[in-house]
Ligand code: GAR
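Before any questions on how it binds or moves, here is one chain, the form predicted on its own, in structure tokens.
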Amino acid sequence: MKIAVLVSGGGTNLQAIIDKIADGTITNTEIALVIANNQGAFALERAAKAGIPAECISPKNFASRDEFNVALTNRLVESGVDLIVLAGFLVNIPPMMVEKFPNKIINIHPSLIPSFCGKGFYGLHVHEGVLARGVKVTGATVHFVDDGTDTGPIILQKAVNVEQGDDPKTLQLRVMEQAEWNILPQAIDMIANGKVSVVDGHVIIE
């Protein structure tokens, strides 16, 4: 299975995927392309170091958001990938892309959906929301992408305890280490090996 990984920043989830392919945790999978929406994304350096084709497609380089959406979607179609992995990609996915890749786009979200998700809940904002509400357990979710924000069918979730004295950054790191870097590679491996299907809007795992 060929995958494209879309990133906006440091690329820690990208690195987890690269490492888990290298050590055999993820099988039948190659990263064919990495796309960042931000030229300064460290994820592009991670890809280059691993010998993976990587490029920046930024909304800033297009006259309109529609032109950007078309360029991004066309590039992914051209690449011939089987699965698109959103690994900290802070761009709204256009409906056109969801149509072209039905149940072929997955996202990692740093909370237990349906809590702390949707509009405005991304990056550190999620963890700020968790701490402000005083919940005791948070986590991460891998889900398919549909036309909504964080509303697609859920593939995997993993819980992470919130600890006394946490601030958004310490909580973010714990959620990454204990949940994100494990369940995103796990979901990719399951999809690559034909163990995941979507029936009536729900994920069935064999």
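Being a predicted model, the structure only gives us computed values, none of them experimental. When you see a residue number, it is the position in the sequence shown, counting from 1.
Beyond what is shown, the protein has a form predicted together with glycinamide ribonucleotide; the following relates to that form.
- This chain is displayed without glycinamide ribonucleotide, yet in the model of the complex the stretch 84-92 from 128-136, 68-76, 84-92, 98-106 comes within 4.5 Å of it by heavy atoms.
- At a distance threshold of 4.5 angstroms between non-hydrogen atoms, residue 11 is in contact with glycinamide ribonucleotide in the model of the complex.
- Although the partner is absent here, residue 176 sits close enough that one of its heavy atoms falls within 4.5 Å of glycinamide ribonucleotide in the model of the complex.
- The shortest heavy atom separation between residue 114 and glycinamide ribonucleotide in the model of the complex exceeds 4.5 Å.
- Contact check for residue 80: every heavy atom lies farther than 4.5 Å from glycinamide ribonucleotide in the model of the complex.
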